[in-house]
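Here's a solo chain for you in structure tokens, the form predicted on its own.
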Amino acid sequence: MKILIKGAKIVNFDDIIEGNLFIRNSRIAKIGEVSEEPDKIIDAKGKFVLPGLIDMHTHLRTPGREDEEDLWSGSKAAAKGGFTTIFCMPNTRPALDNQGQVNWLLEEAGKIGIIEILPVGAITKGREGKELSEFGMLKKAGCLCLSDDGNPLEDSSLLRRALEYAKMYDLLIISHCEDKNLSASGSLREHLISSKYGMEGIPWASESIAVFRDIELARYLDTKIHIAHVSTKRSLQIIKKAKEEGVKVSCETAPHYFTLTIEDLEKSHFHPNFKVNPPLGNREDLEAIREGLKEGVIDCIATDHAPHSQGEKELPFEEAPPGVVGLELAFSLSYTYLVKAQILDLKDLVKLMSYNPANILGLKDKGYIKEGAWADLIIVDLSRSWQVLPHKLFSKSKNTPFIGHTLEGIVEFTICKGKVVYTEKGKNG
């Protein structure tokens, strides 16, 4: 299909221009005046066209927990949120730790065909932290990165071998940094609030100790490493220093770490929808995350979309599983709390949610609007707001602390490889 997007402000991480954009054969054929007759015209005057968002950290629960999310519902949620490419984590049942599992997932995702779903392979078999998966076979099957997300590699010698093999096969290791011996059975950040209510807390050092170890190994081996869901001020200090010293480290954070604190958790009367891992920090951590985004220490905003059933999130706080849904909220949360708050500008947001993830993961012709690139685009209206309501979410699970919140910025169209896969009216496919 040939699509003409008229009169939009076209936003890349390094420039904003106003004009027309013409799509032909799944790619951006022309930016500027077009004489060719389109099949469809989208009037985008007063709107912004951004590169399709890329999420490095999504949980789709398939296979094994399709009651919480499946590839279809996850794809719809992603498209509604402006994501055209998402990477799904391997903590599934069974884990995505072999070529057969990865091939199956890609085949099923291809049948749905709404957005591009790419698998993150497991570092170790069964994510048990004992024996490495077959990295070469996972790369051959289509994995660009590996993680045991949710389970940190506690054995430093095993992590060393993982980093060495990953370098050999040009794979990125995404590290879940947590010292389980320190976090133990804690369910929130160790803080005056945890003490006040007699709840076992997780010290911030549980994250930063693991961050330091993983970075030191990457430094020693001269390999790449990506740190997932950074949540503490101290972790950012370590990452910033390592970057300044030339270590090949990149990192991400999630919207709940620059919008919420442990004080918000207390105000919610410890509602399980505020329970995440790593746990919400204090105001100092939140401000450090915002500053890290502004300075470029943090490379990406990822959703860490973690759907859970209503029954699981109705358990007592200390028993409920951690995680929140984020695919449909991440852009609007980021725009509301970062751009509207004048911490970042729109170009910065494009860099964090499109350009940098594409660059880190080696995705060619994604993350930047240019002639010849894939037509992965979103059209957003930044002058409008919307209210987060459970029945309006496409995700099967509704576990978010932002129910009832009004957010700025609406995704009106999502286009993936030249196909309109979402319109604000709610039509997918």
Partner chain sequence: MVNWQKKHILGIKDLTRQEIEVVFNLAASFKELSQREVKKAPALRGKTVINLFFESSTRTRTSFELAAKRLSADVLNFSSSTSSLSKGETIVDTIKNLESYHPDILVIRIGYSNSLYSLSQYTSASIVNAGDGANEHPTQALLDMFTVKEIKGTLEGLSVLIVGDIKHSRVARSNIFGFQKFSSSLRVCGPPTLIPYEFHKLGVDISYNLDECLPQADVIIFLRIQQERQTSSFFPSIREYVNNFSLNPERIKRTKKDCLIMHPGPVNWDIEISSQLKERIHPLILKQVENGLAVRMATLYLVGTQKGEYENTD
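Keep in mind it's a predicted model, so treat the numbers as computed, not measured. Residue numbers count along the first chain shown, from 1.
Not on display, but discussed next: the form predicted together with its partner chain.
Student: So which of 287, 216, 154, 200 gets a non-hydrogen atom within 4.5 Å of its partner chain in the predicted complex?
Tutor: Result of the distance check: 200.
Student: Using heavy atoms only and a 4.5 Å cut-off, determine which of 170, 314, 244, 107 is in contact with its partner chain in the predicted complex.
Tutor: Contact check passes for 314.
Student: Tell me which of 352-360, 84-92, 221-229, 265-273 has residues with heavy atoms within 4.5 angstroms of its partner chain in the predicted complex?
Tutor: Stretch 265-273 is the one.
Student: Verify the contact flag for residue 318: yes if a non-hydrogen atom of it lies within 4.5 Å of a non-hydrogen atom of its partner chain in the predicted complex, no if not.
Tutor: Output for residue 318 is yes: heavy atoms within 4.5 Å of its partner chain.
Student: Counting only non-hydrogen atoms and a 4.5 angstroms cut-off, does residue 149 reach its partner chain in the predicted complex?
Tutor: The answer is no: residue 149 has no heavy atom within 4.5 Å of its partner chain.
Student: Residue 139: heavy atom within 4.5 Å of its partner chain in the predicted complex?
Tutor: Residue-level check for residue 139: no, no contact with its partner chain.
Student: Using a 4.5 Å heavy atom cut-off, state whether residue 233 contacts its partner chain in the predicted complex.
Tutor: No, residue 233 stays farther than 4.5 Å from its partner chain in the predicted complex.
Student: Please state whether all three residues 191, 196 and 204 have a non-hydrogen atom within 4.5 angstroms of its partner chain in the predicted complex.
Tutor: Yes.
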